[in-house]
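Presented below, as structure tokens, is a lone chain in the form predicted on its own.
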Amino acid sequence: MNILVCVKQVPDMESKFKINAAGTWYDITDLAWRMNEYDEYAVEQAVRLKEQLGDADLTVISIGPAKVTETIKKALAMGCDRGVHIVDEAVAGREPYEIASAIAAFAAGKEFAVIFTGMQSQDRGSAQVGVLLGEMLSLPSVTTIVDFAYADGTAVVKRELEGGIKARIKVAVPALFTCQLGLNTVRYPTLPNIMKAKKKELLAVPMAELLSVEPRQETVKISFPEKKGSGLILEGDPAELADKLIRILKDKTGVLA
């Protein structure tokens, strides 16, 4: 079985973010970078499936500039067999349709039976790439999975719905799955596996060789949320608090006018 897992390199969410000069994305200067958290669960699940099957072949793919190879190498150290780096210095300006199209162009004809992606990226948060990729490859897609089991050509998964409800779904492979937080417990790469990862194949493919579509979305402007006024804490006994609250509602909101 051929398995593909898609990962993205994102800034550490503890970083201090600034908007870039164009006002269309964040400034990447002085940011720390890591694998997207949702994608870590996808990699872990892909490696577990590979280990279960024994004879599976697992490829990890990512798009971005040279520094993205560090994220790919982490996935290799976790247990992926080879890495594919789609080299693109302009990835920050790519919208989900372009990203999915490039991955689909690479994956076409390679007979991937199972594809894992994160549910969404921590920076853009569109949750579109996975389902677009499935559609482009004519694969059924199951989103936000929180449990995964595979046997005899069929995957049985649980996917998270609103309100904490979970749906149990059976789907025959080939299929694509987007992974939610908590799907599994992500392993830490051991030092021996980190050293082995350095010898694994890492293929570089220029974005221009894969991208054949025009963008359908454009980011015109981004901004930080507006700061709102601080809350008001009332102190006193219940009778005093009631009087104060009524007075505030009359004076500031007109609710009791």
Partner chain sequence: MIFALSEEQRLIREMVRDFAEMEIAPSAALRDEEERFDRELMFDKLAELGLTGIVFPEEYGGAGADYLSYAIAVEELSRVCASTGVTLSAHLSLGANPIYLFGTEEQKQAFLKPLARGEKMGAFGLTEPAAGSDAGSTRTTAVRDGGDWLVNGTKIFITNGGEAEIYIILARTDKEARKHHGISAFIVEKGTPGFSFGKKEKKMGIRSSPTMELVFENCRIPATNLLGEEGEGFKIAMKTLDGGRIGIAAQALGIAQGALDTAVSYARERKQFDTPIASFQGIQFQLADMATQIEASRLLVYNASYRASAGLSYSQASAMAKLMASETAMKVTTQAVQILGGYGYTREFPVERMMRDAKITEIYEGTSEIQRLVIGASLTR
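Numbering follows the first chain given and starts at 1. Here, rigid core means the biggest group of C-alpha atoms that superpose within 1.5 Å across both forms. Just so you know, these numbers come straight off a predicted model, no measurement behind them.
Same protein, other form: the form predicted together with its partner chain, not shown, and the subject of what follows.
For the options 56, 205, 211, 194, the residue carrying a heavy atom within 4.5 angstroms of its partner chain in the predicted bound form is 194. Between its partner chain and the residues 124, 82, 159, 73, the one pair within 4.5 Å by heavy atoms in the predicted bound form involves 73. Using a 4.5 Å cutoff between non-hydrogen atoms, residue 33 counts as a contact of its partner chain in the predicted bound form. Looking at residue 190, you'd find a heavy atom of it within 4.5 angstroms of its partner chain in the predicted bound form. Contact check for residue 198: a non-hydrogen atom falls within 4.5 Å of its partner chain in the predicted bound form. Partner proximity in the predicted bound form, defined as non-hydrogen atoms within 4.5 angstroms of its partner chain, places exactly one of 65 to 73, 22 to 30, 48 to 56, 211 to 219 at the interface: 65 to 73. Taking 2 Å as the criterion, residue 21 does not count as shifted between this form and the one not shown: its C-alpha moves by less than this amount when the rigid core is aligned. In this overlay on the rigid core, residue 231 has a C-alpha that sits 2 Å or more away from its partner position between this form and the one not shown.
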